[in-house]
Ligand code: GLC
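So this first bit is one chain, no partners, the form predicted alone, shown in structure tokens.
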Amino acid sequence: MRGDRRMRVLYVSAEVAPFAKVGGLADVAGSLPHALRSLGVDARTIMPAYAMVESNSSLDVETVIEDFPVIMGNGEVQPAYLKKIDHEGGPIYLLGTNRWFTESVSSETLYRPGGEMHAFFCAGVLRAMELLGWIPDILHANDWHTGFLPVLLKQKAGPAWGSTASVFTIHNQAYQGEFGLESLDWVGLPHYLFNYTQVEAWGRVNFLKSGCAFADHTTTVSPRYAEEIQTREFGHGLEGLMQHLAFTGRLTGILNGIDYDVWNPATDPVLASRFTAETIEGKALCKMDLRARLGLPESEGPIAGMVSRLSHQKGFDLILEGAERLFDQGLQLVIQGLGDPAMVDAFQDLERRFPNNFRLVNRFDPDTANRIYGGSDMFLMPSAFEPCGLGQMIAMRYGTVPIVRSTGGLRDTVQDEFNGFAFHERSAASLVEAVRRAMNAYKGDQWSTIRANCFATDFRWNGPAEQYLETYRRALESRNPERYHELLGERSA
């Protein structure tokens, strides 16, 4: 199955854009395999067969394996099937069953309590590939939903998978997938594999920790975040494990990219006027259109946008605290997002009190999101922590200047007063001061230079894909040296 010199990678994710999306993980899962294929990798993707994807009449969904059993750890046999969509030169496999994945994808269904659904998905992925006769060199699992894949690969998968290396990517360490001890029974693993005494004391099993501990290599989505998760402030209880992985050379931070074909103001069909860095006048028309659609009055001042989940992590508490001071500077603010009901109420009240300065779009609406990216002058991301962040990259692609708190991937991508504005202290006062500096630049000659630098900053997937390929090679070298040398065109010693 591995007779050629083309590396085989199976990318496993609970969400994949554009088919099913809750957060940034979906965007990465939809883009990185495509970038890997451009480097000559046979990269394929597998995700759950959500009913909303299977029933989408615009998709050509093909049945690959009509029915096969997945044996759960407790002996229960769960029927499964495998379907496929051809997308951007590579297959997207859909692993389905009659018990789960029947609802529309949302944060509630994707991140629901209980790990049995995700244990099934992990076990089913391995069995489906065995029946398909396609065993990858690299099994690339993502976030806690797939945390047991590296465990199963080493402890349960059998000789078919003995030469496959695993890479596990942390997209957000705050979400770890902690469940009761019955999780071990669902995947058929003895308690001693997880330090039985410690697990019994906690009474919990941690899916994300399991993936990191058993993977041949762990990555996260920016170099700075790889450093931060080794500290108590950002480690969420796993800082000791992260320090160990870093010390042993098994932790790497690789900055995410974005798809420049998807995010392109020169071709974006929802914008009132398409534009580039050279035809920037079109952006002014997008700004007028955004105001008109949301009922904001014309103003000489700038518009700042936000597209995000309403939560304290994303810094919306700072926005609420500093809003009046922001509006006093002449700023108009547009926020699109779902999330914390208390924050929704607070922002709706803010809109009633400041109808000339603020609008909340409290729904999931990709077209409005694109109009905010295209029509805003500034983009706010005052995050408490941000593993990578895609919003600031998309904003810069649209010539919209980001104002960010310098943490995680935001620190890796935004240089203060070069391609954006950054502040360090997590306070409303620091946010307001950063906006004040941006407002001064907006009124002067500096703005056009900063905006041009935004357009010029390159966040394509080419570089990150090369880094992932090197990470795969390192993982494979330790797991299967013979295959590693074969892929390099060398003879094994």
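Everything quoted here is computed from the prediction, not taken from an experiment. Position 1 is the first residue in the sequence shown; the rest follow in order.
Although not depicted, the form predicted together with ligand GLC is the subject of the following passage.
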Q: Just give me the single entry in 388, 94, 208, 139 that has a non-hydrogen atom within 4.5 angstroms of ligand GLC in the predicted bound form.
A: 388
(Q) Under a 4.5 angstroms heavy atom criterion, identify the one residue in 224, 217, 83, 171 near ligand GLC in the predicted bound form. (A) 171
Q. So which stretch, 412-420, 327-335, 262-270, 306-314, is the one near ligand GLC in the predicted bound form (non-hydrogen atoms, 4.5 Å)?
A. 306-314
(Q) When the contact criterion is heavy atoms within 4.5 Å, does residue 28 count as touching ligand GLC in the predicted bound form? (A) yes
(Q) Is residue 256 near ligand GLC? Define near as a heavy atom within 4.5 Å, in the predicted bound form. (A) yes
